[in-house]
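Two separate entries follow, structure 1 and structure 2, each one form of the same protein chain as structure tokens.
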Structure 1
Amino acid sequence: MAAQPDAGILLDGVSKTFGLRGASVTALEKISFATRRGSFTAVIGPSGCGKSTMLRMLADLEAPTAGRLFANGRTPSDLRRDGKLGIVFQEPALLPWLTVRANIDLALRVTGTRPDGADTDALIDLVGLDGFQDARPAELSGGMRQRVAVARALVTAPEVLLLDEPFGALDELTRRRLNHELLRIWAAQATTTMLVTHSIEEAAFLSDTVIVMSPRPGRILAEVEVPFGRPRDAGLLREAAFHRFADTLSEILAAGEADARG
């Protein structure tokens, strides 16, 4: 599988095996797929299927046992070295003694880049935190703290944004609101994005393509193109076509789990 000029995220025969108490556990087995540069891809599957392992390899936090990974035509290590990878995890991991602005700017300082106050202010406004620049994490709601984490991931102008259940710990209402905000932010940034999520609805609403994974060892059951145009708004969630599409994804997942049980 060769990278194309418009290639986004590309995995070529990727497998990952971990050693556990003297035994080997295969988390991922021969994963291959390619996305378009600037597209939004969601990965869903049962717990333990290797979704987060895949994302951690793209983030250069794990190495594959076999195969190759690229994002926007570059290796994860090259992107990380140049500060062009943005990562948001389920926990925002903000430093409690720093303000919103300082937590965001920290990503720049780590790469040796001097923060630009105007750029940071524009980003704070983009994620809907105008007026909270000087607040500390303890003064923010859970959803607001995740907005800070998203801003911190974007402040280095990443080529690739990786999201590992970023809203999974939030209540459903806040999660839906932040999904709408994430779409708005993604549209403004045009960043190649991958989201790992347990939420079928979230995957269907946000992404261009949904990768459906099997139980461990994780394999690709299906790559499903999302049939809804952009821009999208909350009205889509009430449409019968949206619920039919979500049901299709659920059926693929259920069939994969049934096959795994034999």
Structure 2
Amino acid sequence: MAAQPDAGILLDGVSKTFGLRGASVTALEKISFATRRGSFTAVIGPSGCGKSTMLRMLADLEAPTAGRLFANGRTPSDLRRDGKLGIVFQEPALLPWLTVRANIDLALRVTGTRPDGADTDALIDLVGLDGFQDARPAELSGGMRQRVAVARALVTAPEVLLLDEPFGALDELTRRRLNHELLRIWAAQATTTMLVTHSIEEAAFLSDTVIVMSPRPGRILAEVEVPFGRPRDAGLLREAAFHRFADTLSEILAAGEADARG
């Protein structure tokens, strides 16, 4: 099943348990779902339900306790070795001794590509950091650092893009602008994308499918197809259908929380 040409992200009975000083914490329990290659998937769920853990397993940073994961028909470790993954963490993870440009180029160097100044500059411009090419991370605000991290994830034109609340630290306007740019780039590159977010609106606006998770141990409450066509623009945010859809997602989340308590 892993060889299908249109396979995107595929989780097959994935569980993850952490051992913590004798006690064990089950972060994820028997997660299975499949997305199409080139699709945009959003994951929402309460804090601590294992969203980051799922992403880290797809990034080959963590091994599942049980089950298998694939992205674009290949194992995470295969993809990683070929330099086909892109990731943005909750924290920007910039190297403090490198300038903005050098931090972005680092991704190219590590994946064995010669940095092309023009591409990097275009990306810096895109994330709104023109003029800060030679600044060091310490000279940037938290949100600016996060934008550098986004540019760094995009510069290698990855086949699979993993985003862990990348815009959590940004103001609403910048966030929306970057979301639009993200959609534009995603549409142009057909990147299989998975976005973890706390914003229901963001999930509904950006993705093809929203995966709603339960409180820990994380299970899938629902896999919801987003019923809006593309391309999408800011007008969608004002439509009543959009708000009804967002409300549906909220209700699923709330029902999951209530279940977990009682």
Partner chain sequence: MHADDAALPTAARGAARFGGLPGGAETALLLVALVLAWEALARMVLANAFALAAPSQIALQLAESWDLYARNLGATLWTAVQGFVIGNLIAILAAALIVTIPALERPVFSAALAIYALPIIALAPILMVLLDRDAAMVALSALAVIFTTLVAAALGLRSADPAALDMVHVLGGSTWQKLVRVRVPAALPSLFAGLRIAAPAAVLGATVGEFMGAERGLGVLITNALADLETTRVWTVAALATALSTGGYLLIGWVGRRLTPWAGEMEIVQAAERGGGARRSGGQGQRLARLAGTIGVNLLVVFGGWALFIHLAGLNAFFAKGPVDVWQFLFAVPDAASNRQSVFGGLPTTIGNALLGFLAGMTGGVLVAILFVLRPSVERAAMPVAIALRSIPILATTPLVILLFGRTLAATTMIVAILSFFPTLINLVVAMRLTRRSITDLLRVLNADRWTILWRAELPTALPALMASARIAVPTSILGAVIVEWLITGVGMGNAILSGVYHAEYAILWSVAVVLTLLSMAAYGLISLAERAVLRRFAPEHLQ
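Just so we're on the same page, rigid core means the largest C-alpha set that superposes within 1.5 Å between forms. Please read these numbers as outputs of a predicted model, since none were measured by experiment. Counting starts at 1 and follows the sequence of structure 1.
- In this pair, the copy labelled structure 2 belongs to the form predicted together with the partner chain.
- Domain motion between the two structures: of A71, D105, V43, G86, the residue positioned at the hinge between rigid parts is G86.
- Rotation of the smaller rigid segment with respect to the larger between the two structures, from C-alpha superposition: 17°.
- Taking the core as the fixed frame between the two structures, we note the C-alpha of T99 moving 4.4 angstrom.
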